[in-house]
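This document opens with one chain alone, in structure tokens, the form predicted alone.
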């Protein structure tokens, strides 16, 4: 079979949210051509395999590509997100990314999209259905958006043994349950575990019929503090002021976390347990109240074996039965936490440059790629904010985030870009504050006054933890 020769300025591997956010800015800010290669049949990456009741856990206004709004500009009037900005469903997100590809990228004439294709390296890829071979030559940059690819429950292989006679499923399959089991055992304390528990409670499952295996408790973020409208200014920007003040005034790492909780930056499900995990999961106060209804929470470490009559954990065992449904929520959201330079020769490896915002990060990286000439400058402006796993990782990511914010503030061009990019979220809120609004100005002053002392305290704590 003959190999088809192709040319483009950018060869992008993957068609998930990060890839599309990057390409969107490249199309808007350059005249470059792009080839996108992806194994999935539709754009959207891991959203193609998401569980049917998944939603964003931050407002839709922060998600998608820079040039096309995802949010409808509405607040939820019912449910556990009531009173807060809408959270797009998985179905909405998949349709949105399909629209971005069909209505904007492809009609531009500068994007060529190859779904159902496997990239094998050195500009080579092939179609998984037909075997057709392709070779991309003379590309300016390779953009590897698969470096931080997500693990999802439906394609995840558990790292424990499930023995014969056990009813076991990913949370994707919960809507297919048609008969009442003896109970539900939710395995995993992260965001998918939270979503599984909330879905069960929403569908009137008795909380006493839910056993929640939680190897580690997590610090959580209050979704009210992420709202992008002026109505929530005292919560969103107020939380940022509370954060730097809590850090700056703390006397130890533990004291810092307790201050962050006291000032409303952090939440935890059980106030008697000091969390040691942090993944950046965001929940509402209503969701938190629901989760606290579940009393059968097992804190005996990770599962090693599930038998028909018992579950063996690292620190003990609990009873179960062949009539219980065991729900797998143990997949780690991200499979690669190793940091590498974003810009290397002809390779761009998108990673987070702002906490909790991978799509904003991809858009920002594309802007820096389009605007600045050398990799040294680009990497200075795109220092990686590490993805968190433990509570100590929050210290690392916050220090890196504050450093990036400081560096960006020194560049008028970057300040202007942030102000006009819809994914940034808060720059326009800050810009629109009137000098006569003393309450909001006081919040901004608290942020400015505590930023440097907070950074100094974080450096002190970083030296302690290594």
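Numbering follows the first chain given and starts at 1. All values derive from a computational prediction rather than experimental measurement.
Below, we turn to the form predicted together with a small molecule, even though it does not appear here.
When the small molecule is considered in the predicted bound form, residue 40 lines it closely, a heavy atom lying within 4.5 Å. Contact annotation for residue 17: at least one heavy atom lies within 4.5 Å of the small molecule in the predicted bound form.
In the predicted bound form, residue 422 stays away from the small molecule, with no heavy atom inside 4.5 Å.
Proximity of residue 55 to the small molecule in the predicted bound form: non-hydrogen atoms within 4.5 Å are present. Residue heavy atoms within 4.5 Å of the small molecule in the predicted bound form occur in exactly one stretch of 312-320, 113-121, 74-82, 157-165, and that stretch is 113-121.
In summary, among the residues 150, 226, 246, 211, the only one with a non-hydrogen atom within 4.5 Å of the small molecule in the predicted bound form is 150. With the partner omitted from this view, the residue of 146, 242, 284, 236 that lies near the small molecule in the predicted bound form is 146 [heavy atom within 4.5 Å].
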